[in-house]
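Heads up, the chain below is alone and in the form predicted on its own; it's given as structure tokens.
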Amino acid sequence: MCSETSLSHKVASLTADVVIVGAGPAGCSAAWDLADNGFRVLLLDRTAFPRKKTCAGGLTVKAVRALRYSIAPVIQRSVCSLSVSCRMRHPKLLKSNAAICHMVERSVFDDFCLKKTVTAGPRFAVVKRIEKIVENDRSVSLDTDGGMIRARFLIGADGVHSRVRRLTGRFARFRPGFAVEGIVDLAPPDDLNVGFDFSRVAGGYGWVFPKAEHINVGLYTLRSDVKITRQDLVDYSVRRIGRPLPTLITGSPLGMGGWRYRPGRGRVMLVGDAAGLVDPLLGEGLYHAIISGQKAASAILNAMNNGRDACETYAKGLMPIQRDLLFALAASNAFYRLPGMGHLLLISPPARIALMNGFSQGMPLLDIFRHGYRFWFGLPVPAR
């Protein structure tokens, strides 16, 4: 377990250059970069680590490359192929010559990242509740159950239920998706591939992610009006895998709508799920969580060195992420409206070649769409 500090009610005041609420991948990515540049960073979370987190645990190549350190010790397997179907029919195996994603256990991964991060210098503390946030021209104050905390900047990395977002009113147009997952306590057979069964639920898919000694199975939808129950997951798992039934079933909203997030001006920034930066097409949030945390850190560094408004700089840094999200939104609207046609396009040779090569090279989906044709002709792909 990562060492922790609970803020005492006896502490009248704590100060830091930056307070980061949320010690997941987004918060840790920001904390690492800030500490590496000499900032005093206080990293807060509601619970000690390791802690349970609803997540399929598939890390894309681009997400792994974005991290500042190797996560080899927590990778359970690397995946070079995936099976895709539509409404549980016509499965097709897509293959790559290199890994397209890496399987991790999310609670183990998060704990590993936090331990790595605190070695770089940030202080980690458990705070159960933040009662009030006050921002002025010079600082941000947090009134917490452990006392008052003051900092020059605040980063909200506290996920889909972000307390920072609600208390500051920084992003009113946030919207949720939803996912339910469970664990099938079965050693995955060698022929079981990572799988996506599109339109198993409206506006989403079912997934099967083989891990080292069990199988992670789940259902995802980007639509807030679609309800997914425990029984839906059990039914999907039985049809897809068979027995035994999934256990440890949990559900969680996913933060979306981040293409509309505007940081404004000032000293408070939202990152990751708190800013709605989950990809609506595939429900991936880890890559944008990591990148947005780093962008927020860079904006604060720029503000301290050059006196520029951190939020305005952060807004510019978010533009590539928001372009990716807008493209994913358009793609999801088209794909899930006509999933049969979308599936046929997905498994066609041109799309297959572009996607699998692009994923293995760590390219965002928009870049694959723009430059995927280069893979057909063996042409070099420009760096982003």
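Keep in mind the model is a prediction, meaning the values are calculated, not measured. Throughout, we count residues from 1 along the sequence that is shown.
Just so you know, the form predicted together with a small molecule exists too; it's not on screen, but the next bit is about it.
Not one of Val19, Gly121 and Leu154 comes within 4.5 Å of the small molecule in the predicted bound form, counting any heavy atom. Checked against the small molecule in the predicted bound form, the candidates Gly342, Gly317, Pro50, Gly58 yield a single residue with a heavy atom inside 4.5 Å, and that residue is Gly58. Checking Pro188, Pro253, Gly266, Gly203 for any heavy atom within 4.5 Å of the small molecule in the predicted bound form turns up a single hit: Pro253. Only one segment in the set 224-232, 146-154, 305-313, 174-182 has residues whose heavy atoms sit within 4.5 Å of the small molecule in the predicted bound form; it is 174-182.
For the chain shown alone, Glu284 is a contact residue for the small molecule in the predicted bound form, at least one non-hydrogen atom being within 4.5 angstroms. Taking the partner from the other structure, the small molecule in the predicted bound form has a heavy atom within 4.5 Å of a heavy atom of Arg163. Contact between Arg46 and the small molecule in the predicted bound form is found at the 4.5 Å heavy atom cutoff.
Although the partner is absent here, Leu94 sits far enough away that none of its heavy atoms falls within 4.5 Å of the small molecule in the predicted bound form.
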